[in-house]
Structure formats: C-alpha cells, structure tokens
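First comes one chain, alone, set out as structure tokens in the form predicted on its own.
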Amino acid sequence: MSSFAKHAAVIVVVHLLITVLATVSTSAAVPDPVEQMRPVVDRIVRILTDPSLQGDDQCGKRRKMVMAAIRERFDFREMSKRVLGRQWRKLSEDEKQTFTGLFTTLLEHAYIGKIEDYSRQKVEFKGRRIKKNKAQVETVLVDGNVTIPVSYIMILKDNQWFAYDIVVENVSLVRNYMEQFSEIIRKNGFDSLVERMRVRIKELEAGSGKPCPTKTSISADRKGS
C-alpha cells in the first residue's frame, strides 16, 4: 500500500470514529421521554385517587389540578397545529392563539373526563420508541384481566419532551378531532368552526345540570352557531 493510500485510509478511519462518537454523544444527550412523562402521569393518578377530591362537589377543583399537571407536559399549540393541518398555515397569529385556547378548553373536558373513568386502574409504562425529535411512550391501563393500551406521541423541544397526541386503543385524539373539524371547515369555513367551539364550550361549562360534562363532539351538520 502506498503512503498516499495509507494516509487516506487513516483519514477515513478517523472520520468514521468521529461520526460514531458524535452519534453516541447525541443519543446520550437525548432525555428519556418515559422519565419525563412518568411524573406527570403519577401526579394525575394521585389527584384522581385523592379521597379529599372525590365526589361531584370536588369536580371543578379536581379537574383544575389535573389540567395544571397536564399543561406541564402537553403541547397544546402543537396539537392544535396538527388538528387543523393545512388550515393552520392560513391563520394569523391571533387566530392561531384563539383556536389553541378554545381547543385546549375542549380537551380539558374530553381528556380529563375520559381519564376520570380510569382513575382506579393501574398505569404501567411499557417502553418508548424514539426517532430523531419524535417519540412514542407506550403505557397500559390495567384493571384486573383487562388492559387498555394508551400511547403518548411526543415531540422534543429545548431538551424537553411534550405530548401532542394521545392514542387510546388505537384511536388517535388528534385524528378524531381532525376529521370533525375538517368537515366543518369544508362545509362552513373556519369562522364557523370557531363559533361552534365557543358555543360547545358554553354548553359544557353549563353542564346541563351535570357537574362534570365529558361529551365534546362537534357535529358538522349542527345547525346555527
């Protein structure tokens, strides 16, 4: 082997070594999404099982505490962006903020209402899958011999993992709302969707006499606004 060939071989080996070390360093620097998600889930479970927070008369306080915990690890703006899809790019910043606020309030009723039904089950973390700045954290709700799979779809921002979708028994929360909202926008426009969301939130907050309303679907065929 000529001296040039040997020199070239050394350069290639050094380059490969640097690449491998850089990859290892980068992988080691990525935080574990399970370790960031687990404390929030544990905190929510503690709130839902706290004897002093049981009963309909404690519903408002209980949900406020749960929502505060959820906000620490959920990115509602990212969720809103994905729910609206291409429509999101057409909105002004004010419109984006308005929609995110309304959608967050709807989710407060939908997500909290759903997990209150599972407050007595055991939560088990089954693992995670990471690909670049995206991750999926797998959990199951265990109730005797019944297990309910729940996945948190997360995005890495500033070294922190934030959930932007929840998949319960293979049903995506984001996709569910995307289908509802896209139909309303297609038929009546974005402003109609916003107005319907406002009306639905008022109905939910009134509760029709129920302290903890949970149904949040918005029909595309709903008349009026």
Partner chain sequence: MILRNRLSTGAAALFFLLLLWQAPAFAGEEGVDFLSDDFYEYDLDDPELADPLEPLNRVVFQFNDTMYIWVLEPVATFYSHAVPLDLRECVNNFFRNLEEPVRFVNTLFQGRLADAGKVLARFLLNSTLGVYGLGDAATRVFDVPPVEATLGETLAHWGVGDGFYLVVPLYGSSTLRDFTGTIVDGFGMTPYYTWTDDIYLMGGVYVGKETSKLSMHLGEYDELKKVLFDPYISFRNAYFQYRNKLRDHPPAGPDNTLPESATD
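Numbering follows the first chain given and starts at 1. These numbers were taken from a predicted model, which means no experiment stands behind them.
Separately, the form predicted together with its partner chain exists; it is not shown, and the next lines address it.
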{"item": "Contact stretch among 39 to 47, 167 to 175, 52 to 60, 66 to 74 - heavy atom within 4.5 Å of its partner chain in the model of the complex", "value": "167 to 175"}
{"item": "Its partner chain in the model of the complex reached by all of E116, L156 and A163, non-hydrogen atom within 4.5 Å", "value": "no"}
{"item": "Proximity of V123 to its partner chain in the model of the complex, heavy atoms at 4.5 Å", "value": "no"}
{"item": "is_contact(D191, its partner chain) in the model of the complex, heavy atom dist at most 4.5 Å", "value": "no"}
{"item": "4.5 Å heavy atom contact, L141 to its partner chain in the model of the complex", "value": "no"}
{"item": "is_contact(Q136, its partner chain) in the model of the complex, heavy atom dist at most 4.5 Å", "value": "yes"}
{"item": "Neighbours of its partner chain in the model of the complex among 184 to 199 [non-hydrogen atom within 4.5 angstroms]", "value": "I184, R186, R196, M197"}
